[in-house]
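Only one chain comes next, encoded as structure tokens, the form predicted alone.
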């Protein structure tokens, strides 16, 4: 009799527990299901190519099946390659000039846009942001014609009013770098301004009010409150600027293609592209990619360490 009663009661008493347990298990599994697409994409399209590139950098590859392990030969060749040093010099100069312009100038614009007395600030924010929405290839083509060596080119036309020129902009090292930096500044000025603006708007107004009570000047408030409070934003902008500088490709390819005169427009990526897809030397192209990765990581680690972001506050 007792067994019959237990058999009738236990399924009903356990079913809510089972449902609760199943619900808890699903809650534990759900986060992994949501992030699994990203993890799969990362493993297939990022981690696997990265590891395979490191392996290929130690190989001589001629075709899809003809691979030969050659140890450090590609790296020895790279350190004796003058085109590699030319590409390194070009991207270093480009990164230096873009950082020199694209950190202080967007910060200044963000301060103006964050001022409550600035009129039409939302309109100007949109105007500054529009360039990044345009296609890099189209922008490069437009600026390529603007920097034409012909007297009818836009910049040569402007210089003609000063009795200067015409200048062969894209066949001279200095003016070619100027042409690259101008495109970058025009395109990314608004984006960096938005980054700094978001940082400025997160600074508590009470800090400025306390400083004003203590008699702090505008420069004192900027130096002692604004700059320290937007330090993470500045570091982020600096980091992506370094990465963008060393991965420059679209603008140089539109200007000169894979081969520029005297390599004045050669960057790491254009050299990798030419080595892999024009020369068919995939092993050496992977070596260039690995070295580029090492350089970018090293520079960013140094700048982050110098700025003290690894230190505990």
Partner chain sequence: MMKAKKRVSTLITTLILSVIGFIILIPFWFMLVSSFKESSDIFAQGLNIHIDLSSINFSNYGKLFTNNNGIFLSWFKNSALITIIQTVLVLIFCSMVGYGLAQYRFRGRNFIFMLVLIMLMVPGDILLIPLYKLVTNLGLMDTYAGVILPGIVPPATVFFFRQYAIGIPNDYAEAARIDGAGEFRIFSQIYVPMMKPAFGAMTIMTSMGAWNNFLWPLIVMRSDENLVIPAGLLTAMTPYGNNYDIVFSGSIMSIIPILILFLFNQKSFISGMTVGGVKG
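Numbering follows the first chain given and starts at 1. Given the structure is predicted, the values throughout are model-derived calculations rather than measurements.
Another form, the form predicted in complex with its partner chain, is not on view; read the next lines as being about it.
Put simply, of 93, 77, 125, 86 only one has a heavy atom within 4.5 Å of its partner chain in the model of the complex, and it is 125. Residue in contact with its partner chain in the model of the complex (any heavy atom within 4.5 Å), chosen from 101, 207, 181, 112: 112. Its partner chain is not shown here, but in the model of the complex it comes within 4.5 Å of a heavy atom of residue 52. By the criterion of a heavy atom within 4.5 Å, residue 46 is counted among the residues contacting its partner chain in the model of the complex. Taking non-hydrogen atoms only, residue 243 approaches its partner chain to within 4.5 angstroms in the model of the complex. Interface residue remark: residue 143 is counted as part of the site for its partner chain in the model of the complex, having a heavy atom within 4.5 Å. The stretch in contact with its partner chain in the model of the complex, judged by heavy atoms within 4.5 Å, is 143-151, chosen from 68-76, 93-101, 167-175, 143-151. Contacts between stretch 208-244 and its partner chain, counted in the model of the complex as any heavy atom lying within 4.5 Å, involve 232, 233, 236, 239, 243, listed in sequence order.
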